[in-house]
Ligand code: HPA
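Quick setup: one chain, the form predicted alone, written in structure tokens, and binding and motion questions come after.
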Amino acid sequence: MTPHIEANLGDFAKTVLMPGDPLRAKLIADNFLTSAKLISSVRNIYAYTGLYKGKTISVMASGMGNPSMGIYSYELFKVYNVENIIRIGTCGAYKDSLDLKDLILVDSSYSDSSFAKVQNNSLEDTISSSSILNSVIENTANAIGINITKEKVYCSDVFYSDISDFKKLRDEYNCAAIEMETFALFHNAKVLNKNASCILSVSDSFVKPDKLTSAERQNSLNKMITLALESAIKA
């Protein structure tokens, strides 16, 4: 038990899926897992462990932003002996080649966040995801016929920025999309010698007018969820 997670040691599976939204965690537990048990609900950040095709899998919300992801992923890795975390979330596309609900496998995360420096004085601004997990996810996507694009993303600490320049981030830093949690997750995995990856669904675009509604963000991302679950049982 930690200040933020009330589960007992042994309650979490070795592989945890982490959506940002607690209700998406509940949706996955209710609709994709069997024998799912709520193991933590501190601050309404829901965590469940259940079975997917007979394999034990956990799903837990991360909340929004690097600080929240940083707390939960660190405690899962360090205290609960979790080996693999696959973030599943949404992103805003910077490239016109990306359409709504397209899937991105995050190869690396660029950020101007101070998270890594404050955590252990690291000056890195780009951190890679786990090549081991990425290989599992890519092979699984090919096996079940799901298209996925491997991309670098920008991980921002600020949702409403008056100065952010997406064209510079796209053209100079080669970032295909923006989200808010991968940098802390990948950094914690690197520090603690664990594995972390991320699958993102495009929910809106900086170059097209399309965007998902809040209800669609919560309830219509089954392709991403299925790929994450199928990958998790092979991790």
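Quick caveat, the model's predicted, so the values are computed rather than measured. In this text, residue numbers run from 1 along the sequence as written.
Heads up, the form predicted together with the named molecule isn't pictured, but that's what we're talking about next.
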Check: At the 4.5 Å heavy atom threshold, is C91 in contact with the named molecule in the model of the complex?
Finding: yes
Next item on the list: Mark M180 yes when one of its heavy atoms lies within 4.5 Å of a heavy atom of the named molecule in the model of the complex, and no otherwise.
Entry: yes
Check: Should F206 be classed as touching the named molecule in the model of the complex when contacts are defined as heavy atoms within 4.5 Å?
Finding: yes
Notebook entry, point to check: Any idea which of 47-55, 172-180, 34-42, 191-199 reaches within 4.5 Å of the named molecule in the model of the complex, heavy atoms considered?
Noted result: 172-180
